[in-house]
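Form predicted on its own, single chain, as structure tokens, below.
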């Protein structure tokens, strides 16, 4: 099967041949790569590429997927899917609805508790990855329904750290500027 992926401004075309339930061979410009894989979770794969094991972490971002390998993020997307988003304002489907980390991290501070009312863009949790702290914010205003982690927990992209019941009367990212 033929695939075309876009990473940055480059489009890479390659052939994929299935070799078993969890193995494929990729060919690109007369170069063959054998890949075995195991799905660890919806956001983590264990790969063995030409005999070398490694983990890949995945995070969806609209039409693109960010793949993090050995701490280096790679943004990829299907080159054959046209970007249907318009420039300028993004639709509601582009507004993140969950508080999730952008990469594997450790929770260092929790800034809200169950029952707290939060505003769009308000800081709710701080995570650390690769010795850098990232403050995650509320994607919309509302009430904190649950805090699903504790300080010191290891978290993955896509894992929902804080559940917020959205308040329909509070402005969204589309209506306000990001913090």
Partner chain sequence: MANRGEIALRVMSTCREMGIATVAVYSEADRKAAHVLKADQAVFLGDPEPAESYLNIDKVISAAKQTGAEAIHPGYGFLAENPLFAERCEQEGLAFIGPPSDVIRKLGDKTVARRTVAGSGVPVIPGMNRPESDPGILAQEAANIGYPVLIKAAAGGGGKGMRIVTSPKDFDEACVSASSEAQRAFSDGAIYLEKYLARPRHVEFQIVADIHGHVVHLFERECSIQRRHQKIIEETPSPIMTPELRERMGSAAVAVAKASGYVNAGTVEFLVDQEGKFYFLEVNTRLQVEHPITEMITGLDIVRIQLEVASGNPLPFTQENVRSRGHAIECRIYAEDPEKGFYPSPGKIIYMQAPTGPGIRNDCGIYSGFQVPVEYDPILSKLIAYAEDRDQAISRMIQALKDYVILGVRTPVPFLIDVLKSEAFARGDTFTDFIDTHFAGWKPSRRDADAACAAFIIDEMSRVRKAGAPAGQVGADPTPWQTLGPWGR
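Residue numbers count along the first chain shown, from 1. Here the structure is a predicted model, which means the values were calculated and not measured.
The discussion below concerns the form predicted together with its partner chain, not included here.
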Answer key: of 58, 124, 144, 149, within 4.5 Å of its partner chain in the model of the complex (heavy atoms) is 58
Taking heavy atoms and a 4.5 Å cut-off, does residue 116 contact its partner chain in the model of the complex?
no
Consider residue 108 of the chain shown here, and say whether it contacts its partner chain in the model of the complex, taking contact as heavy atoms within 4.5 Å.
no
Would you check, heavy atoms only and a 4.5 Å threshold, whether residue 45 touches its partner chain in the model of the complex?
yes
With a cut-off of 4.5 Å between heavy atoms, is residue 68 one of the residues that contacts its partner chain in the model of the complex?
yes
Contact check, 2-33 vs its partner chain in the model of the complex, heavy atom within 4.5 Å, ordered by sequence, gives 3, 5, 7, 14, 16, 18, 21, 22, 24, 26, 28, 33
In the model of the complex the CA atoms of residue 104 and residue 62, compared with here and shifted by at least 3 Å, lie closer
Relative to the shown structure, Cα residue 107 and Cα residue 69 in the model of the complex (3 Å or more change) are farther
